[in-house]
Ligand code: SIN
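Heads up, the chain below is alone and in the form predicted alone; it's given as structure tokens.
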């Protein structure tokens, strides 16, 4: 064991049997870890808040609150969801392992455990936690940049938040998968992140851009893609960032894609983005009514700019939402997601497949 690997790493050992705790503590102390102990589920939750451990060894069979419940609670919290949890148990049955996986457990060790196996698994998961934290931090930096971009232009209001909410409920309406809905929602924040590379004299210019300025502005989609590309978790968002200004007839940018060659997720996001822009007040226009915004989308579809079937579905969705049919509403969805919003969802999967989308 390289002590550099365990420097300042803290392990929480949770077990209601003192002898079992002492065994784990003795083995891990030799490896150079700082050890914190808890004798029950509630005590473990308190220790996590105070000690912020890098890994938890968690006994399953404890009176009152068992290890499964402790794990479930920790994995539901933003501040503790990345802490790896190894279940320490005398149970070796399939049902218990499945339950442990379902509540978010990362690994299992059966009592009595082997010293070398314990050491290897702890070391691996502590390193994985650090990698996950780095990734999580990188994602948060990207979202912070996106927020900064939005704040540079005070005219857009809460455009990103509205896109996130509407993306969730329309994605559910289309019966898209959870990863696709997540990508739509992330796209709400990140679609224009490339504007960080556009000079203020172009980005904030009042009035129409000239041809050279317009060419500079169009580069924001390429810049945004390059910013997010290194993160694997952003892979599903990249088509939105790069292609949300393509047009159905091929007259859009940056690649002039046409028809089903435009990624479907980007088509869905584009319709949402346009609708929000039309129904929001800007210095150069008043906010259009939902019906007027749908009329403009229909006109753009007749010009060949939008996917006719998708716009038809979106128009139906907006009209049902504003009529109160099936309790379709937006505004709080993104805050509660992944809990579904209770929309009565029509079966559009065959239609979505015909539109050229595959999850």
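Keep in mind that this is a model prediction, so the values were computed, not measured. Residue numbers count along the first chain shown, from 1.
Below: the form predicted together with the named molecule, not depicted.
* Indicate whether residue 288 is a 4.5 Å heavy atom neighbour of the named molecule in the model of the complex. => Output for residue 288 is no: heavy atoms all beyond 4.5 Å of the named molecule.
* Even though the named molecule is not shown here, does residue 192 get within 4.5 Å of it in the model of the complex, heavy atoms only? -> Residue 192: contacts the named molecule in the model of the complex.
* Does the named molecule come within 4.5 Å of any heavy atom of residue 220 in the model of the complex? -> Although the named molecule is absent here, residue 220 would touch it in the model of the complex, with heavy atoms inside 4.5 Å.
* 4.5 Å heavy atom contact, residue 244 to the named molecule in the model of the complex -> Output for residue 244 is yes: heavy atoms within 4.5 Å of the named molecule.
* Asked: Pick from 108, 113, 143, 253: which has a non-hydrogen atom within 4.5 Å of the named molecule in the model of the complex?
  -> None of the others qualify; the residue that does is 253.
* Among 212 to 220, 125 to 133, 169 to 177, 262 to 270, the region lying within 4.5 Å of the named molecule in the model of the complex by heavy atom distance -> Contact criterion met by 212 to 220 only.
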